[in-house]
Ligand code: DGL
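Only one chain is shown below, in structure tokens, and it's the form predicted alone.
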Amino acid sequence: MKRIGIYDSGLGGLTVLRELQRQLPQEPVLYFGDTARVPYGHRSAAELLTFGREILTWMGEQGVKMVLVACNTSSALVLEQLQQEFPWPILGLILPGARAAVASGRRIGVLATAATVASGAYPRAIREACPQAGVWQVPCPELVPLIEQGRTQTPAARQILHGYLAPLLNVQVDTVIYGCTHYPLLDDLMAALLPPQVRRIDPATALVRAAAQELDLLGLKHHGATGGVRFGVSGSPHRFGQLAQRWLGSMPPVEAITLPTVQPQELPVRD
């Protein structure tokens, strides 16, 4: 039974898993959180490429049929290279998220990691889908650590998020993209701080819709009973399980994974 792989730096990929289980509940899943190296938002492209190669090599050994890169930073910086190197479909978040945003509005705010913002991936994808759209980006370096440390319900979380949203509210955006898969885990707080007319876009929804279409096209959909989820992390399994419990409803069994060593390589130079 071949699984759909999902990988992220930590808890954020649970938002993609949650959407996958909603849209494709019968699909067996292999989830990997790179918790020993979280966060990814300040990493270089070369580092992320090495991490991705290690994770995908391991996932290939477990027998995946498709991988969803549940990390916007990796999607922005190394997705195309990973797609060239591995034999199964590998899907990222940027393009589906951008298309969902322009279907929603024309004044689009992007909350993302510093690396995703610096890549310019979302503005490019949004303007390719709709040249008339305005795009404003805000790097949010404190949000992933806040979520990974389980501090989402604190006054500090509200204050930090309010500071990140202020520039977007000042330019009156009508749509906000969660440009990091961790950020939907703050959705209740986002909803409280944003005006009700501002639409919140979780790219995971569009990503899983694209994955379903790809599975159909390739004849890879699983038609048996629900396959369940196998969880692996590079850091502490117990810590991940404790934090994941809030979002999953119960504490999952989590394995400690030692990834294969892959020699670091630079990204190829593109013309």
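Residue indices: 1-based, along the sequence shown. What you see is a predicted model, and the numbers here were worked out from it, not measured in a lab.
Keep in mind that the form predicted in complex with the ligand is missing from the display, and what follows is about it.
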query: Location of the ligand contact in the model of the complex, chosen stretch of 233-241, 31-39, 60-68, 215-223 [non-hydrogen atom, 4.5 Å]; finding: 31-39
query: Partner proximity in the model of the complex: Val144 to the ligand, non-hydrogen atom cutoff 4.5 Å; finding: yes
query: Contact flag, Cys180 vs the ligand in the model of the complex, heavy atom cut 4.5 Å; finding: yes
query: Partner contacts for 79-114, taking the ligand in the model of the complex and a 4.5 Å heavy atom cut-off; finding: Thr113
